[in-house]
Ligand code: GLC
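Taking the form predicted on its own, here's one chain by itself in structure tokens.
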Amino acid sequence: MCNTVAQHSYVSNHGTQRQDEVLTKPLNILMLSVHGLVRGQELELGRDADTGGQVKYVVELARALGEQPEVEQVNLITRLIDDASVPESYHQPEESLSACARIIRLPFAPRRYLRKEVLWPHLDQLVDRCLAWLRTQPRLPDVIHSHYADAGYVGEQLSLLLGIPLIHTAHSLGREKRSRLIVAGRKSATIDKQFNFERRIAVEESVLDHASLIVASTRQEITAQYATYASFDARRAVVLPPGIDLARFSPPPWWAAFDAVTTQQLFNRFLQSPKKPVVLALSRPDTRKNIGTLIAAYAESETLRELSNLVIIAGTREDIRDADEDAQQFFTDLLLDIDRYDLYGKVAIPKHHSTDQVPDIYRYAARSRGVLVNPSLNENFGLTLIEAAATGLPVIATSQGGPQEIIANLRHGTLVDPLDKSALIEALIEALTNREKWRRWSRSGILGVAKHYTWVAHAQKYIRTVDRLLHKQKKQMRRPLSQWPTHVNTPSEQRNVLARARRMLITDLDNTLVGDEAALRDLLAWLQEHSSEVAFGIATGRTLDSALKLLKEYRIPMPHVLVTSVGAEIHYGMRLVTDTSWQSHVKHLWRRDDLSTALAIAPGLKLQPASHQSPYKLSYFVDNTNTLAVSALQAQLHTSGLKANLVASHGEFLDVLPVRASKGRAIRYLAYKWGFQLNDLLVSGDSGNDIDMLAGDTLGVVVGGHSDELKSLSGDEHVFFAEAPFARGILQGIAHYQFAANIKLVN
């Protein structure tokens, strides 16, 4: 049974125990790892480029944390996949990892298995699925921990909405990955199209700016990779190296036979002299792992070919022609290189191996007095180096990335430039021929892993770090969503309507609701006809006074909910009662005067009239011939220590809002507060400040005559593009979704 009562103490930065600061309830942790094939047993590592070390790290971290007495629950959210090409286990909604840790799989995007780059357009849907799932839980998590950029996007949106601190681990960073691919000879235009680097790097900047804590595996990762991002603050980063299971990864029993028969069978059928020392490469099938350079080095050195066999474990495969494009390229290049250098009988490339066999593969190589080689163009951490160390297998590793610190700690091998074949050949020959050095490296690795890299030590340090974070932010963070009062400060007539209604229609004002007088009257008549089941809301960029003036001008009845200032304010009913819970939430980090001063000197921005400003919104005209891009403005504000949400619309307006405010977040707050499912909300808009309201699980309607900013939503199954503009387009959307029974539309 999971912990329900626990106390754990806070350790200050000076290492002193603070008994007066104690967490009185155990930690509840939400983890997000979106892509790849995630399950608790028999991990299919190396099946493709998306199912590698990150999957193993996240699963083992969740399991290890769930075994700690200070942790109440760890929920690892990933994608539910319904695809005959992958095992049924990835279609199970829930899977236990340990007594207090589990995998939760939520459906989003098409049912089939997709590579991570294809998932980006569907991430807003996962935000909404997470929100709906969290509403069913006994309590919200204390922290959200996202892994990789895609999960970082989801985690940031949930954190902003719920007021829960975000922890982020990148695993790899787009800027570093892009530069290494270019160095390796890939064309920038090709890789940008394939990997969507522009969006990924922009998201990484935003996540690094928002996250309360960045977890890195090595110091080098912080100084050489995260530091290339303008929004990164090293004071919010901590090094927590992952661990391994020493019960699985252990040295070979020297008194036993040469190796297990099943492990030998993986390789012996490929090799003429199977008892030679093994040069082992173990990775997923990814060209960035640089196996081609290793093969070339091995082939070009007669000494290496005489001394050793080359064993390449590159995931599992059935038919190369059925693999994804990257894996096909990897295996095609691999087989062509073997043929080119005529390495038959000297290279083993088995098609299959199980996760349970991996420790035996390391032991097989160690018993042969071989070596593990990691020639990756860049390795964010290098878990295989630790696994090899635990089995007594020395390593030759890339000098790019995490291996620098691993080898500094374990002293069980050496580093080489991954593109320098001569250096690689020299290092391999030295490792295979210098028996004394090999024995020293082997012993050092075994001892060092037990000291530096266990999951128990990692989990305990993680918990202490989160304790400090929560104590630090206790006074800074506003109340989380779970503590927001449901009906406080809401007029009784509005409580009755919102509690009774089964659905809600929420629409933008300008160029959406208004613009066609006849269509507006038809829509208002439809709302009146369905008033017993459909609540009416407006979400506008206008200030409250400006919105009320327009409502009066067009004789629009007061909506049940009025969201103004691009989502920064919420009001209810005829008395315009302010939702003080939302107002308190969006105040977080809002420094209006300082933002106004900082943006006064930004090129191409002109402050709009005072009637367009509000306490929680600054609005500007944008001169596109002389202005900074939104991303550059965001970086400028970050340099000044300012936080804001910048929302561009119609190509000529810019709204500066509290970082937690937007139309999309405001309506999701309303859905959470009043018990609506998001697909019970029909929302309509026409410009960029409507995007996050339209995306996700809401029923989106983009009216005719919309701005080009909304073209990115084209093809989204939850977004309907109406042909008619204004209110007529909303009516077309109502008909498209069959939003309420007995719909009567006037043509």
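Residues carry their position along the shown sequence, with the first being 1. The shown structure was predicted, so the numbers you read here are calculated from the model rather than taken from an experiment.
A second form of this protein, the form predicted together with the ligand, is not displayed here; the remarks below concern that form.
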Quiz prompt | is_contact(Thr316, the ligand) in the predicted bound form, heavy atom dist at most 4.5 Å | solution = no
Quiz item: Within a 4.5 Å heavy atom cut-off, is Tyr554 in contact with the ligand in the predicted bound form?
Solution: no
Self-check item: Proximity of Asn378 to the ligand in the predicted bound form, heavy atoms at 4.5 Å
Solution: no
Quiz item: Would Gly445 sit within 4.5 Å of the ligand in the predicted bound form, counting heavy atoms only?
Solution: no
Exercise. Only one of Gln400, Gln634, Ser619, Gln73 comes within 4.5 Å of the ligand in the predicted bound form by heavy atoms, so just point that one out.
Key: Ser619
Self-check item: Residue among Pro285, Pro658, Gly541, Gly392 with a heavy atom within 4.5 Å of the ligand in the predicted bound form
Solution: Gly541
Self-check item: Whether His35, Leu43 and Tyr90 all lie within 4.5 angstroms of the ligand in the predicted bound form by heavy atom
Solution: no
Quiz item: Which one of these stretches, 177-185, 606-614, 666-674, 576-584, sits within 4.5 Å of the ligand in the predicted bound form when only heavy atoms are counted?
Solution: 606-614
Quiz prompt | Within 4.5 Å of the ligand in the predicted bound form: residues from 679-697 (heavy atom criterion) | solution = Asn689
